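In the form predicted on its own, a lone chain appears below as C-alpha cells.
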Amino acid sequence: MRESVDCCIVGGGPAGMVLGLLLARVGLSVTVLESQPDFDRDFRGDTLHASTLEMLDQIGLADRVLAMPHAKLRQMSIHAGQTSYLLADFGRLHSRYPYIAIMPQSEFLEFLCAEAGRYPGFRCLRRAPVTGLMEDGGRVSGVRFHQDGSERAIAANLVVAADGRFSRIRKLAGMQAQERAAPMDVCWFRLPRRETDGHDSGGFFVGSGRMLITIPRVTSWQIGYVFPKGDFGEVRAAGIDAFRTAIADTVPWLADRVSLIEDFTDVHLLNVKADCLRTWHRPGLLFIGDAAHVMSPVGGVGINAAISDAVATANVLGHPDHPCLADGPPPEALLAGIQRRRERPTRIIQAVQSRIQDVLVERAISGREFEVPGPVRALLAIPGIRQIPIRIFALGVTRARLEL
C-alpha cells in the first residue's frame, strides 16, 4: 500500500506532535508515524516550561492543558549539609506562566494528538516503525514502515525526523553529530510525596560524593540519583540496600520510604549525552527535536527545545510568503533557514548546560567535600544575574512565538 501526504513526521513525541498539530491547523495533510502503541514511557521528560505554555496559550490550548492534573515547580535550591542556596526562582519570570508545569508526558501527547485529530488533514498511525527511506533523484520522497504485519509506504513532499535521541532516521540517512562530553549519568525513580515532607519545591541535595535531584509531582517525588559517567554497574553491584542507604543519607527526609524501592527494576537509567547534528536537513528531509540535538537533562529543557523547533518549523513551512508545502517539496534553502533559526539558540543552551555540569555537578559527584564555589555563591546572591540562565531555560534564547 502506498499513499501521499504533504508532510510525514516520524516520531510522536513533543516535537512531532506539536508540528503535526500546527501544520494541520494551516490546512496541510500530515501523517505522524509512531512506532509504539501508545505514548506511555517511564521517565520521559515531564516539564513544560513557560515557553511551551505561552505557545499553547497563543492557540487557545494552555488553559485546557493546565486543567489536567499537574504540579507547579516554582523554585529550585541546592542543599549541601546545613547550607542551602536558592538556584532558581521561576516566580520572577516576566510571563503569564512563572513556573514549570510538571505532568505526565503521555497525557500531554494524548491531548495534542486528540486536538490535532480535529483537523481533517491530520492522522497518527501507531505501531508503525519506519524501516527505510524512499528516494527520488537524490531527494527523500517518503518512508517505508511496518504496520499490522504489512509493509507500507507513504510518499511525502517533506519527511520530518522527530524520532528522538535514538533516531532511526539519523542512522538511515547517515547523519553525523558533534558530541559534547557529559561527566555523569542519572538513574530515576519515584517515591511518595507527603504533606509532612517540609519541601514543596525542587532541589539538589549533595553529600558524600552524591547528588540527588528531587522534583515534585502531584502525588510523588521524581528523584534523580546522579553519579559519574558509566558507574551504574558499580551502583548495582553494591546492592539495593546500599542504594537505599545512600538516598537516606543524602536526603534524610526520604529515609522513611526508601524501603519502597524493592529492587533495581524500580530504577530507570538515563545515559546522559548531548550532541547536535552538523546539518539538520537533506533534500526532502528535516531533523528536529532530539533527532537533531540531544539535550542534557540539566534544566529539564529538552521538551521545550523540541517544541521550539516545531514552532520554528511551522512558522517557515506554513508562512504564506514561502512556497506552499502542498504544492511540492520545499527548497532546501527553506530547510536550511529552519536550522539557522534554531541552531544557535540550541548551542547556547547546551553550552550553559555544559557549564553547570562542570561547575556544580561534576564537583558534587567527585567524592571530595562539596562546597558551592565562591564565584557561584556571589552570582546567586544577585537576583538579576541568577535569573539569566533561568530565563534562557524557561523562555529560550529567543522567545518561540507562533507567526501563523
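Start at 1 with the first residue shown and count on from there. If you're wondering where the values come from, they're calculated on a predicted model, not measured in any experiment.
The same protein also has a form predicted in complex with a small molecule, omitted here; what follows describes it.
Listed stretches are 74 to 82, 236 to 244, 277 to 285, 262 to 270; the contact stretch with the small molecule in the predicted bound form is 262 to 270, by a heavy atom cutoff of 4.5 Å. Note on contacts: among Leu33, Leu335, Val30, Ala364, the single residue with a heavy atom within 4.5 Å of the small molecule in the predicted bound form is Leu33. This chain appears without its partner; in the predicted bound form, the one residue of Gly202, Gly142, Gly302, Pro330 with a heavy atom within 4.5 Å of the small molecule is Gly302. A residue is said to contact a partner when one of its heavy atoms sits within 4.5 Å of a partner heavy atom; Pro14 meets this definition for the small molecule in the predicted bound form. In the predicted bound form, the small molecule sits within 4.5 Å of a heavy atom belonging to Pro129. In the predicted bound form, the small molecule sits beyond 4.5 Å of every heavy atom of Pro345.
Of the heavy atoms in Arg44, some are within 4.5 Å of the small molecule in the predicted bound form.
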